[in-house]
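This document opens with one chain alone, in structure tokens, the form predicted alone.
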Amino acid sequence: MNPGGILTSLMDGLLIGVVYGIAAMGLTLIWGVMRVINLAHGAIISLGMFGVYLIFTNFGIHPYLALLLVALAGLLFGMLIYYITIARVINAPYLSTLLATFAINMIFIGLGTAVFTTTPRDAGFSLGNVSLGPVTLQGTRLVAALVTLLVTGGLYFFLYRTRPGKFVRAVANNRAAAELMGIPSARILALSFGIGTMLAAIAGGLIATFFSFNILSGDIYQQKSFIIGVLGGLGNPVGALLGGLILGALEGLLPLVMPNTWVPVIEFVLFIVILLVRPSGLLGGKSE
């Protein structure tokens, strides 16, 4: 493989890794604020894929405009899920919230399979290729990476420069103390779950612009989100972006030296090694 080909594979992997990062941000944000492991994360990613696909193919709305609708729907849908299900078990042992989100996942997957079947879908959307010297990259992946960085910047601004964002960080640090200060923790928890769900839906919508998918595809990205969360540190959104870049780089470079079937094996070996050597992640996170 010539240097240009290696650089192309690396850049391609990094662009995809950035999108992985935003998917992981949704998972790690929910854990960081409310200590809930969201096993419905993959199903939400799949719904984000189908949301962009259906709006684009049925109504002719540009995929990136459709993504705005999917993001809003994800936010509202996540808050609804919280009030209906998570709020009832938020103070219960971790196993209760784990089973609750797993049940939500199975309901979504069951309904999605009945409605959409497991037939692969393809949005058929392209922005052509962009050549940067010896490197040639897909336009959709470049735009997806840019959108991801914009969303990440927006999340940072929200968390550190707005009143609700400061409430979210206060609840994440100490819910009881936040309540004593008059912060409405129930609404903040619902908002946090909604934002986490929104990020998952955005990731799914972006992935749908350059990969084919079906209703079960979200499970793969949920697994990657867990790996990325452990790499960067659960509860650390910036760490999720770093973990996504690391995973993307591996997926770009490893196929050059070994069969693709070995890539997931290497990823999970890395997952186990990080858990054993540095369970708080490369940038640290929140754990109990």
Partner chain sequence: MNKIASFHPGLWLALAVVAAIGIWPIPAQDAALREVSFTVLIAIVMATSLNVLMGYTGYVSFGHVVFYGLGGYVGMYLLNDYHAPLPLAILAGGAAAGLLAFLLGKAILKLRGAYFALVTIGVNEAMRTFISNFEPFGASTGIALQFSVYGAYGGAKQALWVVYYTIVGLALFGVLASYLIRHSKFGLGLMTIREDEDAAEVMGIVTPNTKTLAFVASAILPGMVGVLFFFKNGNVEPGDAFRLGVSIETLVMIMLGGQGTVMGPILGALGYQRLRGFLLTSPIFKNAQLVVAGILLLLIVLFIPAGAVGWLRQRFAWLRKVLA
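Residue numbers count along the first chain shown, from 1. Remember, predicted model here, so these are calculated numbers, not experimental data.
Keep in mind that the form predicted together with the partner chain is not shown, yet the notes after this line are about it.
Engineer: Given a 4.5 Å cut-off on heavy atoms, tell me which of 126 to 134, 165 to 173, 77 to 85, 184 to 192 is the interface stretch with the partner chain in the model of the complex.
Structural biologist: Partner-contacting stretch among the options: 77 to 85.
Engineer: Tell me, out of 61, 238, 37, 69, which residue has a non-hydrogen atom within 4.5 angstroms of the partner chain in the model of the complex.
Structural biologist: By the 4.5 Å heavy-atom cutoff, the listed residue in contact is 37.
Engineer: Have a look at 43, 49, 234, 30 for me and say which one sits with a heavy atom within 4.5 Å of the partner chain in the model of the complex.
Structural biologist: After the contact test, the surviving option is 234.
Engineer: Is there any non-hydrogen atom of residue 102 lying within 4.5 Å of the partner chain in the model of the complex?
Structural biologist: Contact with the partner chain, yes.
Engineer: Applying a 4.5 Å heavy atom distance criterion, does residue 95 contact the partner chain in the model of the complex?
Structural biologist: Residue-level check for residue 95: yes, a contact with the partner chain.
Engineer: Is residue 223 a contact residue for the partner chain in the model of the complex, using a 4.5 Å heavy atom cut-off?
Structural biologist: Yes, residue 223 is a contact residue.
Engineer: Any chance residue 114 has a heavy atom within 4.5 Å of the partner chain in the model of the complex?
Structural biologist: Yes, residue 114 lies within 4.5 Å of the partner chain in the model of the complex.
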